[in-house]
Every structure is written in C-alpha cells, then in structure tokens.
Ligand SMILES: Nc1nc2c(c(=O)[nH]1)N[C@H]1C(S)=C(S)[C@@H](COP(=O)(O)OP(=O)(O)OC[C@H]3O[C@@H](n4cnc5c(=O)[nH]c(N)nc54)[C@H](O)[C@@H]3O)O[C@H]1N2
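Okay, so here's just one chain, in structure tokens, the form predicted on its own.
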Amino acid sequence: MHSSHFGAFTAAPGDDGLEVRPYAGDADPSPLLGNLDVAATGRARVDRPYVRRGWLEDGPGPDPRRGRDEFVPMDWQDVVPLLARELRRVYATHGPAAVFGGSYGWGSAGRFHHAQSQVHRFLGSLGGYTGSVETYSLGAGRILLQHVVGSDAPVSAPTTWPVLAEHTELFVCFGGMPPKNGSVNSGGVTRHRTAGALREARRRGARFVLVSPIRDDLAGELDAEWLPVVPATDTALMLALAYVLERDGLADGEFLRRYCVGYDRVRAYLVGEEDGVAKSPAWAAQVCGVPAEEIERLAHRMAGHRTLVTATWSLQRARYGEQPVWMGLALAAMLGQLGVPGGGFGHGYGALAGVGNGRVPGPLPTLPRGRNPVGAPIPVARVADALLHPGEPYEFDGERRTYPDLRLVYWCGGNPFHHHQDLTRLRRAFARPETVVVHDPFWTASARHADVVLPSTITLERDDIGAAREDDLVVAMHRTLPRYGEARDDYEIFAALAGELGVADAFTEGRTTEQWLRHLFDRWRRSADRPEDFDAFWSAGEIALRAEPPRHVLFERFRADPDAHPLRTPSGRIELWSSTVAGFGYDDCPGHPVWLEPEEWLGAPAAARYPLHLVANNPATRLHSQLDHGGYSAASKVRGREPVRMHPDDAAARGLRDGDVVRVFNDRGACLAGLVCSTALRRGVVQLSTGAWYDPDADGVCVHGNPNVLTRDVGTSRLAQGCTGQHALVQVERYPGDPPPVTAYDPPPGAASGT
C-alpha cells in the first residue's frame, strides 16, 4: 500500500508499466492516480547529480545564464564536498540569514520524507536560515481571519460534512466548491467524501447557488443556480446582499449586538453614510454583472433558509483578497446563523479533500524540524521581492520589516516556477543569488534554474508513513520501485552533507531511515495511546483512526456562551470592524470590509487593451505541476499544450475555433495554449489552469501554456502580502504558422535523456 496527496493506492510494476489500483475503501477515488504511469519510467528524471557549467567554471555569483546554461554530470563523492564547501563559505561570510530554506509541503504524503521538514531540519543544524510563512493557496485568508475571529477556524475547523448534509438548506457558494480540488489533500487522503456529502445534501432537498464566472466550479449533478459574476467582484455582490438585509429588516440585530463588534461602521458603509455611495443592488449590478433583481431575490432566500455562505480560497488569491473573506463572514453574521448546525460561514470547502472532514486530535508521526534561530521569515509569495530588493523595507501584518540579503537558495520539494507569478520577473530574481541548490526527481524549471541539482527519489522509491490531520488512516507507505539512476532520498543527501560539515549527530541523531520510521511511529503511538507496534502496523498496511468524520459546528461553543468561550480577538467577539487592522493605516486593507477596485479587472482602464479576464485556477488533471507528463494530464493537452477555455462568442469574434494553437499575452509575457470553446464560462473570461511545466523559448514565450508568465507578482495588500495569481487581463490571438515544439520534459543540455 502507498499514499499520495490525491489518494491511497496499491501499485506494482507490470508488463505495461506501473499497475495502480485505488484504495479499496475509497468510494470516490481521484482520477489523478492516472498520472502515476510515468513513475516507472525515466522520462524527465534527473539520473545523477549535475552542476551548472557557468557556476562550476566561474564560481558562485549572480548569473543571468541560470535556466539557459548547460549542466555537467558529477559523482556523489565529488558533489557532496563541493556543495559542503559552498555552504560553509556562505554561512561563514554572510551568516545564516543569507540562506533561504525554500520548500513547499506537497512533495510527498510521507511524514518522514517530507521535504520541507528535511531541508529546514538540515539548515537549522547549520545555524539557521531565512524561512517563509503562509502559503500561495491561503496567504490572505488566514492572516485576515486571525484578526476577525482570532484564529483560522473557518479553514481548519469548519462545520463538518455530516452536519451540512443533514441541516443546510441553501448553499451560497462564492467561487463554488470545485470538484477537481476535492481530489487532493496535504498529507494524503484515503476516503474522498466531499462529492458524496454534497450529493446527500441535494437528495435531502438542499439547494445550491454558484457565484462564479465558471459554471463547472460546482458539480453539475447539484443542479445549482448559476450567477456568472464578473471575476474579482464577489465583494461588491456580497455588499449588495448585505445592503438588502439591512434595508429590509432581515439582518439579525440581536446576533450582531451580542456576538460582533463594529457592525455600526459596516452599516454606515453599506448605506452610503461613509462614502456617499449606497452599496445597493443597482450599484452592484454595474460592477459584478449580476442583475439587481437577482441580488434582491437571493438576499431574501438567504434570510429565509438555513444558509451556509462559502468562499473558496481562489477569491482571496487576488488583489485585495482579504475583502471577500471578511465580507463573506460579515454576511453570514448578518444572517445570524454562525454557530448553528448547517448555517454560517466556511472558507475553503472544496479547496482540499480534508476541509469539512474534521481534524484528528493529537500529534502525527512527523519529523521534528528543530530550532531556527533566524527570525523574521518572509511571506512565501514575496520571494522574488526578497531576492530582487535586499535591504528594502516592506510591510506585513502591522510590522515594518526588511528583506534579507539572500546569497544562497536551497530548494527541496517544491517548484517555485509553478507557484510563483510573473515568471519573467522570477527568472531575474533567480539570477541574483550566488548559488541555487535544488533537490528534484525531475528536470522541472526550478531544477533548470539551479547551479547544483541533486536527484531525489520519488515517493514510490522509499518507505514512509502517511498521515494527515483530516484523514481516517495512518498508512504504511511501502517502497514499490527501485531507485532511478543515482537518485537518493533527501534524508541521505542531507545526512551526507551534515557529515561533511560536522553536524551529523544534530541532523540524524544517529538514526537510519528505518530507525527514524520506528522512532516516529513509537513516539506517536505512545502519545495517541495506540496498542499497535510498528511491525504489526507495517504488515497490516494501515491503522484506522476513526470510522466517520466527527459532527462539529463552527463557533458552536462561542454561540452558546460568548462570555465563557470568547474568541481570541481583542474584543472576544467577531470583529466586523477591527481597530487593530484600522490602526495599521493600510489604504489597501482598511478597518472593515470594503469594495476596492483592482488594477486588473474587466472594469479597469487596462481592459481597453486587454479585454479578456484570465482565471488561472488549479488544474483538474494533476496536483499543481506534479506529473504533468503523466497519462491523465497528457490526455487533456491540445496539440501538446495546456488547454485554454473561452466562450464560443469570444472565440468567433477573434476568428478562432476549437483546437487552434493560440497566443495568450499581456505586457508581462505570453504563452501558447490549445483552444477549447466552452459555454461554461462567462463571456469575456478565459480560463487557463496552472501547472504546465514552464517551457520558455528564446523570447521568453512559454510554448507549453504556463499562465504565470501572465500573472502579476504583487501582494494582496500590505496586511497579508498574499499571492495574487488567480487573475490577469489578457488578449488572445491565433498563433501564425507552425508552433514550436514543447520541450518541457526533455533534459537540459549536458544532462542524460531518460527512457
């Protein structure tokens, strides 16, 4: 048995490649398991250590040749001391703050071979590193919620699916609950429950309203009413719904008085006392494109039913992304249903398979990261700013900080050339450090932009323990495949470096991989009071933690007695107006939710040149950029390129048709994609998912279809500095002549070609 972020499975080499079977207990397994077919092949694999020629010959230093240079193969016995000398030099000359410990937590569902924990533990043993905080997925939402409700409970502990399936009468889904996102979960998922819970609610009679420019952001079987909102205007629609509740006496005044602070300020803004503009349905209709009468009708439906207001993570992954989260919670507060079964607010239903499953109490068998004495981590979405602007000040969550002077980047278990925005700018940023080190199984764009590339194993080539806080099982992840080429586990790589640098005991504590697995399991078993020993667990393949998700209601205790169970806010209440946030003085995130017009949307002046609004959402055929060359992902490509969807009317106006290779472009860059015409999009909107491996030509055009050559690298606001990669304004035209070949999966010059 094995585990992955998109499901548990069994696998074995067969005559036709890897034979994969979903976990028998999963009634709704993810189709993403169909990408594992490439795991048994050498396509795109890094077969041995490599060093970039320019770095090897000229020494460390800023270098614009990164991403364009050839590589030199190396032996492990040579590359380990070479890299150790460079680490020793940087730490001695510039100090630990000059080392950026880059990683992202999606490398493996295994808790020991968790790349982020491994690299942070290693760098901590050397004296520390500059780290990062928050995520590209949820950078704005979590920071904002800490101020409004004192925690990230609407994300980490929302009302669970059994309660919603039984009690919710009306789901109002801002951004939907995309079925594709419900396939994955950080740390693994053994039973996919989201789709089944929603079907159960619909069979009981619950109704759904989808607020999104994309109709399939909610499963078609739910028969949702679709409000095709103009992208990036959800806050305006929420404000108009709140206006109707206030105007028509439908707001729950008692709830607002007892459980909230600041509604008087929100009300003044709604009715226009603050700025002279009433946030009426007529006003909102001009902004968001939803007719005023539909807004009126929806507000009354929400007040007359047990209503759940949901906001996807995609809403806050945009300029001023804090606002729809804050306003969505305010709207739920005005309905007075926070803390009751089936009502209230949720942030992220459908974002991950685990959201709504409830959390398993207690610790998990995870690798300790150790201590990092270097403070002031940077927001993860601001890594290019940090590399490009060392020593410059920036603001973050009420603090004025300074970007460190990063000289060495050590990236393990992530692909910033997938997650980050404005990839042309990121290439300039990656040219600045003196050294870039990447562990990667594949020749991703991040590996191509490194100086030292160390081949790491994939999850099927190692033993591990799979576990997630929202899942039902602890999984024994048995090694299935032999290692490819000279690939090594990250732990082995770091242990060798630690030995070379004299910190082996601090990093390994004298344990082999098997000894670590036993140690982590035994420590977890004792803390969780479990009877199983490691050998029994390893033989059985799994340990059941629970039979069903718990029945939990968000804010239930707070609603029962707000004095006995106050929130961790300054007032102990829900802060619809936050004196703390207001005190920061941010014009891009004031003290209560507001409509702030983004620089790029269909109502902006820039739309005259770029009249299409790009939605760069998560892909349906892979997890982020992982295994983009796998069978399921490859089958979705159009002429070998990522599909871009467009309304047929928009295509016809440009003389385009299904299957055309098109150029999608704006002032930041351009990419080629394969056109798919679809009425599931609002007119004026195009949708191009992230995750196609970045494949720039000599002019910087991504010939494979990565939308992050088009997205803007700027923070959500000075409060959260979150990622804004969901939206961009673009134009689309047919690509003339024969398009260039896609070479994203081919090794760079000097590297061996896999089989």
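In this text the structure is predicted, and so the values were computed from the model without any measurement. Each residue number is its position in the shown sequence, starting from 1.
FYI, the form predicted in complex with the named molecule isn't displayed, but the following is about it.
- Here the chain stands alone, but in the predicted complex its contact with the named molecule, taken as any heavy atom within 4.5 Å, falls in 457 to 465 among 192 to 200, 457 to 465, 263 to 271, 250 to 258.
- Judged against the named molecule in the predicted complex with a 4.5 angstroms heavy atom cut-off, the residues 617, 708 and 711 are in contact without exception.
- Contact check for residue 323: no non-hydrogen atom falls within 4.5 Å of the named molecule in the predicted complex.
- Contact annotation: residue 451 falls outside 4.5 Å of the named molecule in the predicted complex, judged by heavy atom distances.
- In the predicted complex, the named molecule lies farther than 4.5 Å from every heavy atom of residue 49.
- At a distance threshold of 4.5 angstroms between non-hydrogen atoms, residue 136 is in contact with the named molecule in the predicted complex.
- Residue in contact with the named molecule in the predicted complex (any heavy atom within 4.5 Å), chosen from 168, 357, 337, 444: 444.
- Contact with the named molecule in the predicted complex, judged by any heavy atom within 4.5 Å, is made by just one of 570, 541, 105, 603: 105.
- Contact residues in stretch 708 to 733 (any heavy atom within 4.5 Å of the named molecule, taken in the predicted complex) are 708, 711, 725, 726, 727.
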